[in-house]
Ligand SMILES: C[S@@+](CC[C@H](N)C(=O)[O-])C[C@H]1O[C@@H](n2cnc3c(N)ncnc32)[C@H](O)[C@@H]1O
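Starting off, we have a lone chain in the form predicted alone, written out as structure tokens.
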């Protein structure tokens, strides 16, 4: 039987199994909980991420949406006026891709069940790549960044949207109260999963801050690395050039 102790982020290969299990099991309620628990702010965050992608330099190009879940980030790009390219949306939790497939009917989005640590694409395949709230869940963040650098064409951008810890102590206190007290209870009730929404704040708490993550981008070979805090530092949008 699963218990709350399962919510602690696991190391290495155990992390991959844990994350695949979580997202496979909460897939039917994932979209609802995403928007409810973020008070719909997640939509604005995704707009901010796509704004940083620089897709206008290759509007008919091919773009990677890694850890795509139910395609919300890919759809944000696909629906932009002037975009005539294609989005390849990958995730290693197949139930997430299956859950969102009706949303992409008619959209230039091709789903693929694939692990972001071993992407099934040739070098320099994509004109840009993006990840929303997925890098934190990788069992090896640096390996994932290396892999995304590999599949990007020179000069293409990677954009990463992630939760972070607000620098302001007042905002941080409210954030911690919500994340640790409110979110797990609501998530458990709505999703029916005993610990998935306890894992979320645990995983955010252990994840590198924006400056450290920027250093990991540089270590993976990216340049022109930057980030911007969103909504008081609850989340951050990171960008870099391959």
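None of these values were measured; they are calculated from a predicted model. Positions refer to the first chain, counted from 1.
From this point on, the text means the form predicted in complex with the named molecule, which you will not see here.
Using a 4.5 angstroms heavy atom cutoff to the named molecule in the model of the complex, none of 47, 76 and 109 count as contacting. Residue contact check for residue 64: none of its heavy atoms lie within 4.5 Å of the named molecule in the model of the complex. When contacts are judged by a 4.5 Å heavy atom cut-off, residue 114 counts as touching the named molecule in the model of the complex. Taking non-hydrogen atoms only, residue 222 never approaches the named molecule to within 4.5 angstroms in the model of the complex. When contacts are judged by a 4.5 Å heavy atom cut-off, residue 134 counts as touching the named molecule in the model of the complex. Site annotation in the model of the complex: the residue of 159, 88, 104, 93 reaching within 4.5 Å of the named molecule with a heavy atom is 93. Only one of 52-60, 210-218, 182-190, 23-31 places residue heavy atoms within 4.5 angstroms of the named molecule in the model of the complex, namely 23-31. Taking the named molecule as positioned in the model of the complex, the residues of 63-79 that bring a heavy atom within 4.5 Å of it are, in sequence order, 67, 68, 69.
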